[in-house]
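The chain below stands alone and is given as C-alpha cells, in the form predicted on its own.
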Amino acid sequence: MESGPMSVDSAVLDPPAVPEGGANEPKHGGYSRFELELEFVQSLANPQYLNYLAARKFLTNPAFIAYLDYLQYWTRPPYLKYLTYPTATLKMLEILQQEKFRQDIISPDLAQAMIMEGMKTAVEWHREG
C-alpha cells in the first residue's frame, strides 16, 4: 500500500512529535514529518495554491479531505507557535472544512479576490499600527 495523504487513513494518525534538540525522527526526503506537515499547512494560506489543488481535484478526494481534518491539530498548542502566519493559515484551514468553499475555490476569480482582500487588510492593519 502507498503512503501519503491520498492513501492513508489520516484519522488514525497522531500528530508528529514537536521537534526537540536531538530528536531522531525519521526523515522523508531529508525532512521530518513535522517539517513536511508544517510547510504544507502553511501553504494552505495561499489562495492560488488552493485554486491549484481544486483544479486538480484534490479538494474533492475524500482521503485528502480527511487529511485536511487531521491537520486541525495545528490549531492547538504546542503546534500553533510554529506557524509563521497563524491568522491566514488557520483561517484557510478552517474554511477548507466547508464543502462549498472547496467547490468555489476552483474559480481563479475567487482566488484573486481573496488575494486582493488579504492585501487590503494588511495595508489597513499597517495604517492603524
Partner chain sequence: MDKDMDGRFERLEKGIDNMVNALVKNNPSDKVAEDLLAAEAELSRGLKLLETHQNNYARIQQLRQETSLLDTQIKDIASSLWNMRKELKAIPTTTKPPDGSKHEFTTAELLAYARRISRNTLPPPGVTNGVDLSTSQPSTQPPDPEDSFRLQTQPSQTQTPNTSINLSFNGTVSTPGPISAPTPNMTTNNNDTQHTTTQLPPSQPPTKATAEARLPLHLKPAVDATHDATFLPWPSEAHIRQGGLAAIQRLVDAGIDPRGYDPAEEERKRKAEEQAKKEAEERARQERDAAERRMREERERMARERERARQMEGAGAGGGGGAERRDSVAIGGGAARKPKQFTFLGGDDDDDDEEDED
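Since the model is a prediction, treat every value here as computed from it, not as a measurement. Positions refer to the first chain, counted from 1.
Absent from the display: the form predicted in complex with the partner chain. The rest refers to it.
Q: Assess the spot marked by Y73, I95 and K100: is the partner chain within 4.5 Å of a heavy atom from every one of these residues in the model of the complex?
A: No: none of Y73, I95 and K100 comes within 4.5 Å of the partner chain in the model of the complex.
Q: Report yes if any heavy atom of Q42 sits within 4.5 Å of a heavy atom of the partner chain in the model of the complex; otherwise report no.
A: Close contact exists here: in the model of the complex, Q42 approaches the partner chain to within 4.5 Å, heavy atoms only.
Q: Could you confirm whether L53 comes within 4.5 Å of the partner chain in the model of the complex, counting heavy atoms only?
A: It does not: once the partner chain is placed as it appears in the model of the complex, L53 has no heavy atom within 4.5 Å of it.
Q: Should A88 be counted as a contact of the partner chain in the model of the complex, where contact means heavy atoms within 4.5 Å?
A: Yes, A88 lies within 4.5 Å of the partner chain in the model of the complex.
Q: State yes or no: in the model of the complex, is some non-hydrogen atom of M114 no more than 4.5 angstroms from a non-hydrogen atom of the partner chain?
A: Yes, contact at 4.5 Å.
Q: What are the residues of 26 to 40, in order along the chain, with a heavy atom within 4.5 Å of the partner chain in the model of the complex?
A: The stretch 26 to 40, when checked against the partner chain in the model of the complex, contributes K27, H28, G29, G30, Y31, L36, E39, F40 at the 4.5 Å heavy-atom cut-off.
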